[in-house]
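Presented as structure tokens, the chain that follows is alone, the form predicted alone.
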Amino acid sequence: MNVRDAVLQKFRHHFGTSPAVLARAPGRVNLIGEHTDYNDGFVLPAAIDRAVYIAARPRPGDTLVHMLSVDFDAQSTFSLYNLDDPDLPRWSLYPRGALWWLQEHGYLVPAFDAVIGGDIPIGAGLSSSAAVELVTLELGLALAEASMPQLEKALAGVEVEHQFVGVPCGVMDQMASAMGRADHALLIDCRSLETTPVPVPAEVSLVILDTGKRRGLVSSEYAARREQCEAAARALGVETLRDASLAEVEEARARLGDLLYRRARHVVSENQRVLEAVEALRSDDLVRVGELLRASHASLRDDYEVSCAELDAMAEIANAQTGCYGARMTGAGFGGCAVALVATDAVSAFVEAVAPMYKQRTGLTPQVYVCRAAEGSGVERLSG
């Protein structure tokens, strides 16, 4: 049974009635463009065909939300007027944050019963948290009989993260989840928030390789990288590293010092790689796309220092396989996933080879997800 049907079935079984609304928001994988978003740069994510669903039915007469989580095998009841209650379970934080945002902006969401569940691996760097924010925003708007442009939903999700959850994330995850397009990656200019769909050729698949190494050090190191990038931009005399050229970074190498030089070189060269990858995808030059993915991994490993032994091993093994155009770490780093661009007719052999080789080298059992680029978040009204 697919996850959509499982959520619907769980709702009927638990609440004894049929849901009225089903909302969906996908996870995302970033094809290329890592640690560029908070430098006003370019990223190229794709929404994937793994998603979070919420089935719900409004319940008149009180102010309580009854929510059941399939993934956590747990349930929670909370008041729409006490959404920041610290005693409520952690898994409900993101849905509560989305409902809080809607209330803060004047949307009248009624009490409701809901079941939430998905098939996005949690903690693997595929933006399950952004998907939960978006799916709850979609649901809340539908129950409030209101609408909002997809970009505004994405930015609302970012505000949930910043103001309610307390994580200073960029805009990429929520924009990919809200604004994805089937069979396309999404070029995002993180300064203007302009988006451009970029076709992913039908003859390739996005293969996500979960190393089984959960991300450590991300919060502290993420904050440190942001500070280093800001310091490098000040030294270069630019607003952000988006505004610097590689020539300017090279010219300022002595003045920057080794650490800031390498941080700046990664961001500036990564922005260039994103734009080159877009052109290569448009011209169906998959060999060039693969070269850019490999160069991105090397830069993240050596200049930005956010990889780890497990990610390096996964990328190396994947890149050695027939039919793999290129692979690299994806996400914030220090664990999580790699992404590989693999010829669709070579995917089965690729998966069969990579998993045992990685386990032999690291002792960890990887999870491998073969994905297509998918449509962004939405909601459907159900009859009955």
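Source: prediction; values computed, not measured. A residue's number is simply how far along the shown sequence it sits, counting from 1.
Beyond what is shown, the protein has a form predicted in complex with alpha-D-galactopyranose (GLA); the following relates to that form.
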(Q) When alpha-D-galactopyranose (GLA) is placed as it is in the predicted complex, are E34, Y222 and G331 each within 4.5 Å of it, taking any non-hydrogen atom of the residue? (A) yes
(Q) Taking alpha-D-galactopyranose (GLA) as it sits in the predicted complex, is M172 in contact with it (heavy atom to heavy atom, 4.5 Å or less)? (A) yes
Q. Going by a heavy atom distance of 4.5 Å, is F350 a contact of alpha-D-galactopyranose (GLA) in the predicted complex?
A. no
(Q) I'd like to know if Y325 sits close to alpha-D-galactopyranose (GLA) in the predicted complex, meaning any non-hydrogen atom pair within 4.5 angstroms. (A) no
Q) Could you tell me if Y38 has a non-hydrogen atom within 4.5 Å of alpha-D-galactopyranose (GLA) in the predicted complex? A) yes
Q.
Based on heavy atom distances of 4.5 Å or less, which listed stretch (355-363, 337-345, 26-34, 316-324) is in contact with alpha-D-galactopyranose (GLA) in the predicted complex?
A. 26-34
